[in-house]
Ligand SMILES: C[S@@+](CC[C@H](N)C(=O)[O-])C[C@H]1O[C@@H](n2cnc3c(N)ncnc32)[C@H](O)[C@@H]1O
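There is one chain below, alone, in structure tokens, taken in the form predicted alone.
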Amino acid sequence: MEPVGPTVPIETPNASGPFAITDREFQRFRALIYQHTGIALGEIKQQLVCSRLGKRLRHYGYRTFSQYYQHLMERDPKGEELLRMINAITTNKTDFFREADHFPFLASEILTPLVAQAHAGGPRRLRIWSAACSSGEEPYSIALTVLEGLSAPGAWDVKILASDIDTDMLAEAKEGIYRAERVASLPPPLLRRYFLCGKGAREGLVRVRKEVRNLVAFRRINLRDEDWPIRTVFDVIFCRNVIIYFDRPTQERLIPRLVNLLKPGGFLFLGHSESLIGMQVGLRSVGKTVYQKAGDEEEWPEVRRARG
């Protein structure tokens, strides 16, 4: 028997008629999405769920969201369709050097002191995590800033971890290929040094050069998971425009875990619309949504393993 209740229709030109999602169906998908991603969808997101998952119904020829939900529960033993559902529901808004003031801060307040320390005999090692990398613009922007900011970057041990929950976005990010208009606002010297222009069939596209791509390792990480495949600590973590999609309890679990994966004195970057107000997590504000770790915190299992 199909759920009853008010429905939200969407037009589906590739189907014989419009799909509609009932209140009960929406609540079931809302709970499933929260369970697997930590994304807390408000009541006003019913239309969003309806429209984004409509293509998955079309793929299988289903007429109702209950049929698709049953597929996820009973016909997806390996979780392959669950991944596609997550990919469809996640938001992927990004640009090169988005929230641009963060990158001069990275260059002047983090990289410049590291270079000075290296000249004085300190280590030439840098670890950065882009914790919601989407289609790759953020980690590549970080990599460009690092290459421009380090003296003799080839003499440094630099690794940038770029992670996301969306496997489609990760595949796109690994390729490092973008439409030319995506990089049109970048300074011409950066474009000449770090991008290749497509020719022939690839005209209108650019690709991030290999020396930039080599700094970045892409990996699927679900921030909701209890155990992350991370065995290091970081100088810098970018986790921008992520926690706005989580409810307060999820935020309060996530932020201390990120802090524990920072070295003492390390930096956490959040999105400009995000805030740590009311959270006592051992961070001090040092810039617009930039925070510095003040000292060692009670450690979670990830950081204990990383430090051996």
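Every value quoted in this text rests on a predicted model; they were computed, and no experiment measured them. One-based numbering along the sequence shown.
One more form of this protein exists, namely the form predicted together with the named molecule; it is left out here, but the text below deals with it.
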* Structure fact -> Answer key: of 224, 207, 231, 125, within 4.5 Å of the named molecule in the model of the complex (heavy atoms) is 224
* Consider the chain as shown here, without its partner, and state which of 242, 255, 41, 49 has a heavy atom within 4.5 Å of the named molecule in the model of the complex. => 242
* Asked: What stretch, of 234-242, 190-198, 207-215, 73-81, brings heavy atoms to within 4.5 Å of the named molecule in the model of the complex?
  -> 234-242
* To do: Answer for residue 37 alone: is it within 4.5 Å of the named molecule in the model of the complex, judged on heavy atom distances?
  => yes
* Partner proximity in the model of the complex: residue 119 to the named molecule, non-hydrogen atom cutoff 4.5 Å -> no
* To do: Report yes if any heavy atom of residue 134 sits within 4.5 Å of a heavy atom of the named molecule in the model of the complex; otherwise report no.
  => yes
* Asked: Looking at the partner-bound form in the model of the complex, is residue 246 within 4.5 Å of the named molecule by any heavy atom?
  -> yes
* To do: Just give me the residues of 98-130, first to last, that have a heavy atom within 4.5 Å of the named molecule in the model of the complex.
  => 98
